[in-house]
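Take a look at this one chain, the form predicted on its own, written out in structure tokens.
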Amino acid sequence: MRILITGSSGQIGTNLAIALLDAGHEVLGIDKRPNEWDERVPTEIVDLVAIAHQNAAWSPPWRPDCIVHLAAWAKVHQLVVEPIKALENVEIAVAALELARAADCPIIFGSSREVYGEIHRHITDEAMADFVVAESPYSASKIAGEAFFYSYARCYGIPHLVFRFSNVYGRFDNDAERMERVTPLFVHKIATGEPITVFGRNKMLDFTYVDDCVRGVMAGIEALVDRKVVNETINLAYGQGFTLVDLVQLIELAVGVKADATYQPSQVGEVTRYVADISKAKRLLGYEPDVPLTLGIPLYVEWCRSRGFI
């Protein structure tokens, strides 16, 4: 298959591109920046916001069998501070949909658990998203993105899948200058003896190792291209909750250093509890995640050491 990936220089995009290439597929990535992780990932520099504003034009060199749209500003609190980036998330989602409409091909959207808002039930399934209330500009951008995907399916017959990701971590997640994501930030600072601030002692989240996420997306690509699973919204996560205290303790064990941690309340716009119901992913895609946080953190720490990050 020929797969076009937007946001191909990011963590999920890079891992997905490599897995697809290893499986014998043809891949083209588009991103605003080069891929600094793996030179095998063919990447074109494309500004989807400029395309959305019709200030630029771009088309792939071949008709893709599927587009995987992952490009986004993805740090929740950053978008509280800079809400214009949330609007850009919506614009680039529409630009990706227009690429799919022009190519007459199916498309996958990388959405987020943030669309569920502040859910206090133990398990969250796909029907529980409240599209009236958004907890933050970032969650609003993902809600709007999903709405555009649903509308393009209805108005233009564009087959799609929406995957709601949850705290994906692992290889190629160390771009701290661009985006200080919690897991790589904590690993680096704890390993080097720097103090950390934990926003939300009791915050419980569903952490997903990147290999599990990629396997789910690849199963979705195959099912969507074959039209076996079409126009569905699916949680992709591990299906188990861990607190940030659990995360800190697991990193301490993996790096062999006691954390110098200060605890503060959660930041504005952050969801403090989410555990995914992944039964739909299992039923439709045969999805079976096999890397719990207790195993994934040591794997990630080992990778960081191999790259000289810690």
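This is a predicted model, so every value here is computed, not measured. The numbering used is simple: start at 1 and walk along the sequence shown.
Below: the form predicted in complex with a small molecule, not depicted.
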query: The small molecule in the model of the complex: contacting segment from 216 to 224, 193 to 201, 105 to 113, 146 to 154, heavy atom within 4.5 Å; finding: 105 to 113
query: Interface residue in the model of the complex among 245, 46, 261, 28, criterion: non-hydrogen atom within 4.5 angstroms of the small molecule; finding: 46
query: Contact assignment for the small molecule in the model of the complex, among 92, 234, 140, 187, heavy atom within 4.5 Å; finding: 92
query: Heavy atom of residue 181 within 4.5 Å of the small molecule in the model of the complex; finding: yes
query: Proximity of residue 20 to the small molecule in the model of the complex, heavy atoms at 4.5 Å; finding: no
query: Exercise: residue 165 in contact with the small molecule in the model of the complex, heavy atom 4.5 Å; finding: yes
query: The small molecule contact at residue 10 in the model of the complex, heavy atom, 4.5 Å; finding: yes
